[in-house]
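A lone chain, given as structure tokens: the form predicted alone.
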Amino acid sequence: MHRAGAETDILISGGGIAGLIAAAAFGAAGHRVICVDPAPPVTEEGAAGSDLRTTAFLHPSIRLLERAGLWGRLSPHATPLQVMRIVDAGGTEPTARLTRDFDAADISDAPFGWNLPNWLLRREIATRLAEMENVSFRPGTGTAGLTARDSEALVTLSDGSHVTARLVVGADGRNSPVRTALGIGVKTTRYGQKALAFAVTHERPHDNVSTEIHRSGGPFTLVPLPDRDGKPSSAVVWMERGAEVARLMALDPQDFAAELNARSTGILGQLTQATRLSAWPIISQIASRFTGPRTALIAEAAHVVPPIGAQGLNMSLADLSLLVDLSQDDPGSRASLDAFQRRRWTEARLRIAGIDLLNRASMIEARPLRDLRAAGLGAIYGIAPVRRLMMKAGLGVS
């Protein structure tokens, strides 16, 4: 174990999913790693504070998980995503009036990706870290201060100890203490939306199809999960304006079930709520830069996007993959961080802009504009080369 006044190669601030994967990835690359987070990870679905969202890992992320020694542990729990289905239900009634499938078989012999519950990810990755002699995970300890110089970074932890690191990785969320300590500003876009996240069972099998239903207020997404109690199951991410989310959460179970099934357009038959509801605010955010002396920002410390197209954590792992590659010789060197800033900031800015447009289109209330949205979806699907290009761009593959 590392003690007060310790030295390490990598100090990771943040023990969310991105921070835990970062600890495993840098540890697997042979670096000495300390990972801190003020809150212990909640690793049981039914526990208070558990994260009921899911994460769809796309191809580039799977390669990183393999390098980190994590995929063998995670793959038995993962559900493949073979088809991404887009449904427009923006007509007078909440019924599917346009359905378009994007099949991974068009571009690959493998699925688009694999879906896993976030609480389970925390459990499995934390178990992996406990097995790694060169990694020290310190839940219950946070980052209290940072002094970053070109030669080294000195981190003060909330337990009063100090760590000197060659590289500090800020993976500590949208209100990142590391970013604040560096004086890096952010540009934030607020949509007035929240996302409801929970699991359901349903009558019809999902057939490994992830379905995104557009009406108004934001997309309603059903993402495949393993069967639950012998019934087909999916994760739901239901984005609506904040006032509507508050109304939905206040409904009694019977009325909520009616609203849920109306919004799903019956695409998987009757849906039955299987876990508690959790709500998350929806914003877009990007830091004005991703680096400081001996410091790099990744994940939501660097950028935040609405949960559309499985982009959020996959963007975060693209940050991490590049940073691990650039850190082979001298983690935190100015040359490596300059390269990281140059390559990741521009990519993130462009992707955030694209997701912003998709989210605003999905929020549309006015019927004529919803009709235009449906026509646009149909046109995109109808041009095969454009469709394949968009699929590859969305997956981050060449």
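This is a predicted model, so every value here is computed, not measured. Sequential numbering from 1, following the sequence displayed.
The same protein also has a form predicted together with a small molecule, omitted here; what follows describes it.
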In the predicted complex, does L297 come within 4.5 Å of the small molecule, counting heavy atoms only?
no
4.5 Å heavy atom contact, S264 to the small molecule in the predicted complex:
no
Is A39 a contact residue for the small molecule in the predicted complex, using a 4.5 Å heavy atom cut-off?
yes
Do F256 and the small molecule come within 4.5 Å of each other in the predicted complex, heavy atoms counted?
no
Exactly one of P232, G142, P94, G292 has a non-hydrogen atom within 4.5 Å of the small molecule in the predicted complex; which residue is it?
G142
Of P117, P111, G217, G312, the one that lies within 4.5 Å of the small molecule in the predicted complex (heavy atoms)
G312
Okay, which stretch from 324-332, 124-132, 299-307, 241-249 lines the small molecule in the predicted complex, with non-hydrogen atoms inside 4.5 Å?
299-307
